[in-house]
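Here are two versions of the same chain, shown separately as structure tokens and labelled structure 1 and structure 2.
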Structure 1
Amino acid sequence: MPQNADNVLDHFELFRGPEYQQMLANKKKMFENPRDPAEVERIREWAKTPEYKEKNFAREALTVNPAKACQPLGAVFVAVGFEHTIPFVHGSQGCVAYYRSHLSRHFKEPSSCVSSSMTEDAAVFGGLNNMIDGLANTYNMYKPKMIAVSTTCMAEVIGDDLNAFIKTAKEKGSVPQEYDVPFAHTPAFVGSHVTGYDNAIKGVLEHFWDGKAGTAPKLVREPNEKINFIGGFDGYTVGNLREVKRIFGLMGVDYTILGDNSEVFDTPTDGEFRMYDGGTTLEEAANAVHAKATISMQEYCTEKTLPFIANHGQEVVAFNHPVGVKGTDEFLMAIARISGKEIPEELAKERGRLVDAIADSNAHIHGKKFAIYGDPDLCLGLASFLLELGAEPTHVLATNGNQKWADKVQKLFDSSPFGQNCNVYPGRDLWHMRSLLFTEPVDFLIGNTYGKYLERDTGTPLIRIGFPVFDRHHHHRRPVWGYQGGMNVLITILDKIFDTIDQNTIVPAKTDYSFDIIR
């Protein structure tokens, strides 16, 4: 018996013992009707070939291991960024269980969200009663200052009208007439979680700026000197928003972060559960209409929101999840230009430190090939940083990226000699990526936790940057934006490069002649 009270064996050791190995071998042989091992091996090899890749890329209907989630996840992410706000998702309740689990697994934090729990009768008669009862219950139980409503695909397919439903619910007394219930239709069969982010943040702004669904006068913009900031759907929201606030503080810029969920996704363990923490106040959300300009850190998370804001008379500026020197330069210079404030020496020094770090380390990255996948903006930001490092972002793939995005990535490639042999893959999934890693191998893969299976399958070392990251802890607490964020990304990449070299030179008297302890 392998188990032992003194040294308790975990699953990864327990089952390797002969008792279990024999048992599993018998199970397979006797009862599983297994495939011929030679046949498994043959198919395994075939699935690595260019021929397989061609068939794989010819897929028209099947999606395998996509790198995207659905709209309501983005809406929930937005809602918790407002003060004392609870996300309310109208539709099936299982969806909400999934969003909450997904966010909790990434941030290692509670994720509060309610559902209108629609079932078969609601499918037939519509979900109005669910909305009426649901708003009343949520309002009484969780005492939110605002309830932000979005939808699951069920409610969208049957055509529930949020505007009318919320109005009726208010008439029935579920919540007070003047109570804030912004909403966004977020069909899961359109776009992805970044689209949901876009719709939801636009929904909140529209609510406050354009007369609260016809219940209040529209706000008249009285321009001030403030800058609005929108982060977009971002797994590093905790570290990034704090870094952005620090930068604004250093520059002396008056700002409003719209959808600031950096506190609620990083609450202390001190004996108290904070269902709500931090967040953009409702007053700030309303007053954001007066700002001079709005900066979006992620263009593809704000495709509808920015034009909406621009129509209210503000300047809008969009970035693509800037990572590294050039991206941060452009970000800071845009803030300086809009605000009229100078970039302080302290930030110039931070820039110099990042350039210094790159100068120290770039020899280890130069010429290395990377495959990147993730959300469209993150891919652009990372690819741009790799080009700065003299690395080649050989494959850049976004399941939720479109042709417009691909053109933008291509333009980025064209701007650098290191981009000449790089390719962009819009709308593809991680099974496509698998073929790419076999047929056109790279040195490293950058992606979220699901890249673990690509790493195991293809042997390409994975650098975890993206969302979700479930199987490594606390990455979300560090910024990847700003020069300091760039430093974090650089260190993350370097650590993996050095670890990989060390792993490959570890066999005594065979490969360990590369003994270097100094690099």
Structure 2
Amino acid sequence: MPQNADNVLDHFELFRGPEYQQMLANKKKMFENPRDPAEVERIREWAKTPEYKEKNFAREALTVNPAKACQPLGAVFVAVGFEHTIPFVHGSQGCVAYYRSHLSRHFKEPSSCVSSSMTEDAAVFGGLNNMIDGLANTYNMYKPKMIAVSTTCMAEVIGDDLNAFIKTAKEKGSVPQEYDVPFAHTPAFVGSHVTGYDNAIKGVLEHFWDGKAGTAPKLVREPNEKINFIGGFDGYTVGNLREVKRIFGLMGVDYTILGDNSEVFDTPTDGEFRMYDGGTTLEEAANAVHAKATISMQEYCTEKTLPFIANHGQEVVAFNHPVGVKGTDEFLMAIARISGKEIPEELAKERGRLVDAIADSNAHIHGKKFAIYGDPDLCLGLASFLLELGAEPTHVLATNGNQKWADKVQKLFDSSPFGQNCNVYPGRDLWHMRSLLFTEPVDFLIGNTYGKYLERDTGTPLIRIGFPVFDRHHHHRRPVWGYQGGMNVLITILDKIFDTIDQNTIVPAKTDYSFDIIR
């Protein structure tokens, strides 16, 4: 083999060596039941046709590469947003390893989470003993101020009752009786990570506001002038929440971020490991019941939470991951109306700079066709911004989007001349998107890391916006909300447009007549 200590080859080069190539060829011949290459190519080409697209869109009992994750991921995301809180997932260790790795690979940070380690015996007899032991171990080993419990498929299929299990665990002495253990049932076989976020954030608020599962008096609301803010499941939470805090600070608004995980997903390297960092304090979570209003930046991440808050007497306002000028205008005007504060000149100048940047670059974006996939709110926010730029969001797809969401996207299309030839696809997956990109091609694709396979397969350049982004680093540190965030999204889109132009004009004396220094 070519690998040796004096000349260590990276895998990029190592597996291209003749020894590995021969080994891989033998593996394919002997173990992979190979088919005639000509027949494989014929099927590959047929799978690009309108005929195949029709069959693809007719399938009902199969999902291929859904653009979503499962509920407990959203619950874990919520839990780490509270002060010294550790997520506790009632289920198997393998499930929890998935949530931790998914978050760690995106945010490039450790992701702490524990499991009740359910195995075959618990699946038959129930997981009560796992809960009793797990809560005791978590409380004693990691010293959290709060343990936030959620569930996986296994616990939900057998019907484990979290409320009863937690009460029993307290009676057995796993944690003190008065200790805070909010919970949410998050079955992974329905909904998605945004559903899990919704169930978990509601579970935390319900715990503090409604008497801690019957162990304390319900809180009586005494209205004040504070505004609660809920960001939703957001891959840009580090940059976005810091931008939102800056905006609130500039406007002089008294606020509480509910589920503030901007610090724990961006800890410094200074010699100290921070299992917990930042987060909404437990006192703030309880006192949030007294706020004047609650703003949710993502409607479909808070479909149950906002009605719960409204039933406690607060005004609730929901947005759809606002990106760009119009979205930020509406967000700031809502804050100004609720708080009675003026929008400061500094933010007005930032707006003007974004408008100026759009005008500077409009010729390169106007008329371009885009396909978008991701979470429902993100798709709405990006589609709105593209229409604002004079682009066409030709295909908008959300595996976890429903018909209500689709109707809202269609209404957005109908509001703009650039939306007339655009279509929305609720409940569809990335294999559907593949058919769309082959039969109704667009100029660019916007989505998470998993779109790179579509980029390779269809040749559609991918612009990475969303969650997860595994194969690029530190995007989560930049905001996409606010005028500054809109500028970041604009630059991200433009960079890909210019890179693609350069790549398509790079051959000397053949295509380089447009290989320009100035764009």
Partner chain sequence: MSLAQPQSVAEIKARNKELIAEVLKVYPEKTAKRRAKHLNVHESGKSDCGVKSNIKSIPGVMTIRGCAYAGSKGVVWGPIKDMIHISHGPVGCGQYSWAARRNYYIGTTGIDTFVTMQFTSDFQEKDIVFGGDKKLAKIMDEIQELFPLNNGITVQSECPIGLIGDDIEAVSKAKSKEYDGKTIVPVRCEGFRGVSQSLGHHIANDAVRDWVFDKLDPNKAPPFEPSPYDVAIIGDYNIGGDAWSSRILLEEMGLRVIAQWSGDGSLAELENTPRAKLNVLHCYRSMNYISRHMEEKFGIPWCEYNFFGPSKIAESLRKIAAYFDDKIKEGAERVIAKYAPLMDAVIAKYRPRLEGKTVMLYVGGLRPRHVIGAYEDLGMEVVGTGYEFAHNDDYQRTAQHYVKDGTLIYDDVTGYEFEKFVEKVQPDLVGSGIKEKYVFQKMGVPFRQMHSWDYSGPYHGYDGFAIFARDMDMAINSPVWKMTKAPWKQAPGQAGLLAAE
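Everything quoted here is computed from the prediction, not taken from an experiment. Between two forms, the rigid core is the largest collection of C-alphas that superpose within 1.5 Å. The first residue in the sequence of structure 1 is number 1, and each one after it adds one.
In this comparison, the chain shown as structure 2 is the form predicted alone. Among 41, 172, 161, 352, the residue lying at the hinge where one rigid part turns against the other between structures 1 and 2 is 41. Relative to the larger rigid part, the smaller one is rotated between structures 1 and 2 by 18°, as taken from C-alpha superpositions. Comparing between structures 1 and 2 on a rigid core frame, one finds that residue 21 has its C-alpha moved by 4.4 Å.
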